[in-house]
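We begin with a single chain expressed as C-alpha cells, specifically the form predicted alone.
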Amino acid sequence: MKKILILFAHPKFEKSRANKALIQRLKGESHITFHDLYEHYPNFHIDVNREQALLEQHDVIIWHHPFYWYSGPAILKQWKDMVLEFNWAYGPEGKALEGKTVINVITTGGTREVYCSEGYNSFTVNQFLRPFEQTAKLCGMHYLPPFAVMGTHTLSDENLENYANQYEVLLDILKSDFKQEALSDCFFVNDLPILSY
C-alpha cells in the first residue's frame, strides 16, 4: 500500500466549508499523513530536515490548498523554497523525490467557466498551476492533473458532498498500485468516471 502525505496549506481553514468537507474524509487512516503547514509553522520557520524526512517516507504527495491569487498560499511557496534543495530534490545528485507521484488538490471561489480564455481570469487553472507542474518535473516526480473543487461560494451541500465522495475515492486509488495513465488523460482528475462514487 502506498503512503500518502497531504501537505495542507490554508491560512483560514476555520472559515473554509469546502476544505472542511474534504478533510473530514481522511478518517485517520494509517497510510495517510495529514500535515497542516500553518499549524506547524505559524512563523514560517520551516524545519527542512523534518520536511525532507516526511517526503522520503511517502510515495504520493498532495499539495492541498485553496487557490489564492492564482497560486497557493504563501507558506506553500516558502515550503518549496526551503525544502526542495539543490542536490536533494533536483540537480546532479538530487534524486530524493524521483518516481514519487504528486497532485494539487485545490478549492476555488470562482467557477470553472471563469477560468478559461473567455472568462475574466483569462487562463485555465492548469495553466496557473504550471509552476507546480514544472517543480514536480524538475524533481523527477509524476505530476497528475489537479483535483479541483470550484465555485465553492455557491456550491450546494449536495454538490459539496459529491466532491468529498470523489476525494475519498481518489485517496483510495492513490494508495493502490494505480496506473499513472489512468489518472492522466483528463483536465481535472475529478472529471474521470472512475471517481464516480
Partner chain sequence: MTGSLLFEAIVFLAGAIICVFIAKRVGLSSVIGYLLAGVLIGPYVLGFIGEEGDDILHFAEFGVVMMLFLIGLEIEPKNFWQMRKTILGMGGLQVGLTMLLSYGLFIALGYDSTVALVISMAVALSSTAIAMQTIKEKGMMETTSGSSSFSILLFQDIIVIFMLGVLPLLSSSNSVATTGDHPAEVSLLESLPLGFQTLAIILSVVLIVVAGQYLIVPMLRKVAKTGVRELLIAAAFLIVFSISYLMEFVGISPALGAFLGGVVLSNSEFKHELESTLEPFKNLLLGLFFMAVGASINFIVIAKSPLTIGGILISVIALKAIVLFVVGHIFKLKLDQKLLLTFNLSQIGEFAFVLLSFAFGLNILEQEQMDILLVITALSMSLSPILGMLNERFILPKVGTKESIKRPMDHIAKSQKVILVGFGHFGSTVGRFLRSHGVEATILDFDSNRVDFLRKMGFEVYYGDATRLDLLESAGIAEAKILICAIDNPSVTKKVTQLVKDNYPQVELMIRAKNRYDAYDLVNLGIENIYRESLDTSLALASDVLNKLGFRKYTVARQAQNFIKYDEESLRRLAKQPKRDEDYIFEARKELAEQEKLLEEDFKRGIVELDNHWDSEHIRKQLKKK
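Note that the structure is a prediction, hence the values are computed from the model and not measured. Positions refer to the first chain, counted from 1.
Here the subject shifts to the form predicted in complex with the partner chain, a form of this protein not shown in this document.
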Is there a heavy atom of residue 59 no more than 4.5 Å from a heavy atom of the partner chain in the predicted complex? no
Heavy atom to heavy atom, is residue 36 within 4.5 Å of the partner chain in the predicted complex? yes
Is there a non-hydrogen atom of residue 152 within 4.5 angstroms of a non-hydrogen atom of the partner chain in the predicted complex? yes
Any non-hydrogen atom of residue 179 within 4.5 angstroms of the partner chain in the predicted complex: no
Here the chain appears without its partner; judged in the predicted complex, the stretch of 21-29, 169-177, 6-14, 184-192 with heavy atoms within 4.5 Å of the partner chain is 6-14
